[in-house]
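A lone chain, given as structure tokens: the form predicted alone.
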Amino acid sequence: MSNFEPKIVCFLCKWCTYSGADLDGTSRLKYPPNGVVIKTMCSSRIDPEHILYAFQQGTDGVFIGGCHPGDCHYQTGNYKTQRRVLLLQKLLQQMGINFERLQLEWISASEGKKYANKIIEFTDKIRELGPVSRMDGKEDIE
């Protein structure tokens, strides 16, 4: 598995995390190119089906970035996202996919370095877990 390079889908809030990622580019910060970025108006606009579809298509990890709680441009969007992600992590476990493959982070537009660090950590975590498989979170199945 030394040649394994994970496929990661990154759903980023336009107002905060996407702007933070953009700041990385202008600041020339380095992080792994494994993530495909999808810009959304708000993290709450990410339908759980989008995440499940990504895993169904063989994505090894999904990263969601949104505004800090209380700073959402759409008032309570990130609180909805937080609840959805917790439920989705439980659902993924039931499906046999390690819940750590779905990560939610609050990153503001001025926190480009934080975005780079979180993507590096997440990519390393997914490399450690290896390619996604249906039985990845289940040790013993009856």
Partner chain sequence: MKKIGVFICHCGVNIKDTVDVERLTEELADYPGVVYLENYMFMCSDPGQNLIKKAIAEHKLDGIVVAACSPTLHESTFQNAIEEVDINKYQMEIANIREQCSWVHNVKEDATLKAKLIIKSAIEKLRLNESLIPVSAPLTKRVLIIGGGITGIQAALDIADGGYEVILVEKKPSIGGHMIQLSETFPTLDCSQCILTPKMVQAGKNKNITLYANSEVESIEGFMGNFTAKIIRKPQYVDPDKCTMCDDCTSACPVVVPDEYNEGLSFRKAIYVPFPQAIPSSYTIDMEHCLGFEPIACGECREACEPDAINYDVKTEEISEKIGAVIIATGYDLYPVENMAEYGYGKYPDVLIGLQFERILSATGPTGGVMLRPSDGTVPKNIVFIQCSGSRDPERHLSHCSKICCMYTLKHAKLYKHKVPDGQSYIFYIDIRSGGKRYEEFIQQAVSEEGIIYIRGKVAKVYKEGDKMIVHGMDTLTGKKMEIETDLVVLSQGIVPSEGARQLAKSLKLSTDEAGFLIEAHPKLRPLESLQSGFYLAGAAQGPKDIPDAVAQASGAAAKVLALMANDEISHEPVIAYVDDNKCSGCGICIGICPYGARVLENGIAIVNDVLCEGCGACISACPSGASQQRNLTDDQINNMIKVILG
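This structure is a prediction, so every number in the text was calculated from the model and none was measured. Positions refer to the first chain, counted from 1.
This protein has a second form, the form predicted in complex with the partner chain, left out of what is shown; the following refers to that one.
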| property | result |
| --- | --- |
| 45, 68, 113, 90 - the one with a heavy atom within 4.5 Å of the partner chain in the model of the complex | 45 |
| Partner contact for residue 31 in the model of the complex: the partner chain, 4.5 angstroms, heavy atom | yes |
| Residue 102 within 4.5 Å of the partner chain in the model of the complex, heavy atoms | no |
| Residue contact check: residue 122 to the partner chain in the model of the complex, 4.5 Å heavy atom | no |
| 4.5 Å heavy atom contact, residue 86 to the partner chain in the model of the complex | no |
| All of 24, 38 and 75 within 4.5 Å of the partner chain in the model of the complex, heavy atom check | yes |
